[in-house]
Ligand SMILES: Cc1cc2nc3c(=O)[nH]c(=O)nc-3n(C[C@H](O)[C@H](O)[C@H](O)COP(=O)(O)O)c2cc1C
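As a starting point, one isolated chain is supplied in structure tokens, in the form predicted alone.
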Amino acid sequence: MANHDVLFEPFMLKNVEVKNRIAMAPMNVCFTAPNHIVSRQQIAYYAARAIGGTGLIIIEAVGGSDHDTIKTYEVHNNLMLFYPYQMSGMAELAETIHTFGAKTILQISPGAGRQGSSAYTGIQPVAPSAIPWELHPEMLPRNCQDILMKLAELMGPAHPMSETPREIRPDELEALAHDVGESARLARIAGYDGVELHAPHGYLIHEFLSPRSNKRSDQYGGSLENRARFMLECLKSMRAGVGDDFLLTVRISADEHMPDGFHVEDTIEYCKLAVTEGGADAIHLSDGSYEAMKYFLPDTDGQVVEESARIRKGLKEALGRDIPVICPSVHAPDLAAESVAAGKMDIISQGRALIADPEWANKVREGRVKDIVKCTRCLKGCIGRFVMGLPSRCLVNPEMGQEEYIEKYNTRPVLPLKKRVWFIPSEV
């Protein structure tokens, strides 16, 4: 068994000290309350992972605008942070996570792009070009084909697969970039330790990065630099919104894994631009898209590790310094420790592993690896329910989705104000 101590060494992300090298990856699991606000279940769900020893919790993709492009996925009722009334719940969530010893980043999205659907709101999805995404059965992860086919059956002709989007206008892109900057500003006020731009998985920004989906002839299409323009405009707006001293990260797919798509060497270039021109402080990787879902939701452990190593090395060679890289989908503690020790990433981020066992970090730290409840990658309780707009559950963790009813997750210590929040008036 590998020595896991390296996973519990503190790490600085800009000026934020994370107590270990373990992060929770952002996942929408349909717990949001009506009107896109934080629910009590959501707070308890994240509290469980903070109590479980996770050092950094990255909140699921939050709608950063009131533009119609955000609303095409209404069935999943994503969190939003654009209006002031949405700040109260967001602040409560950040405060709770801090109470249990974790740091937290809010991931902000400018929209689903062509992976949205008019089936939910009657709003046609938008994209860089009027090209629908394609379902490739050979690119589906294990056990996912039956889930998607069931979704199509339940929704009938209105199912969201292969809907042709309209080409988004430059003025709409300008508005979205402005809005995510405002959302980032509100996130800082609400007490988050950082913000992250959502740019992976085939969603709107990813579609601009990809020559497969971006056939534009204006300033947003053609060269790699032009395809990166919208991502950089969003990052610059977020940086302006939060200031130079605040943590800003970007999540991007390491490789699109599709013909005519972008690949690891392109991703290195995109990440260089994100750092040097967009002001990003760290890179959070994912992989694939809805078209290449077996990379987005990998069947095998450590699938992104070698891509992460190449990207981290490429950035250091190009920029002359280490840029922190967060790598997902490493469930096995030995592999996680070996990969961090070898410099293939700085932090691991876990999604389904922390759905299955929120105590993953504590169990590894305490030498109780054999007690970890392992994710079986079945996708039935988490993704299967999510795609139909239902709150996620887990076949190996009956507490998943029920945390609000469990006292240790729905009750937090009453600490002095100065130990709970980032800002208080000077007279307190």
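Residue positions are given as counts along the sequence shown, with the first one as 1. In this text, all values refer to a predicted model and were calculated from it rather than measured experimentally.
Another form, the form predicted in complex with the ligand, is not on view; read the next lines as being about it.
Contact between R377 and the ligand in the predicted bound form at 4.5 Å, heavy atoms? Output for R377 is yes: heavy atoms within 4.5 Å of the ligand.
Please determine whether I37 contacts the ligand in the predicted bound form, using a 4.5 Å cut-off between heavy atoms. Judged by the heavy-atom cut-off of 4.5 Å, I37 is well away from the ligand in the predicted bound form.
Taking heavy atoms only, is N28 within 4.5 angstroms of the ligand in the predicted bound form? So N28 counts as contacting the ligand.
Quick one: is R251 in contact with the ligand in the predicted bound form, heavy atoms, 4.5 Å cut-off? Result yes; R251 sits at the interface with the ligand in the predicted bound form.
Would you point out which of 294-302, 163-171, 255-263, 130-138 contains residues with a non-hydrogen atom within 4.5 Å of the ligand in the predicted bound form? Of the options given, it is 294-302.
Looking at the ligand in the predicted bound form, do all three of E60, Q107 and P200 come within 4.5 Å of it through at least one heavy atom? Heavy-atom distance to the ligand in the predicted bound form: all three under 4.5 Å.
Answer with one of R227, H98, H331, R312: the residue that has a non-hydrogen atom within 4.5 Å of the ligand in the predicted bound form. None of the other options qualify; the answer is H331.
Of the options V364, I383, C394, A50, which one has a non-hydrogen atom that comes within 4.5 Å of the ligand in the predicted bound form? It is I383.
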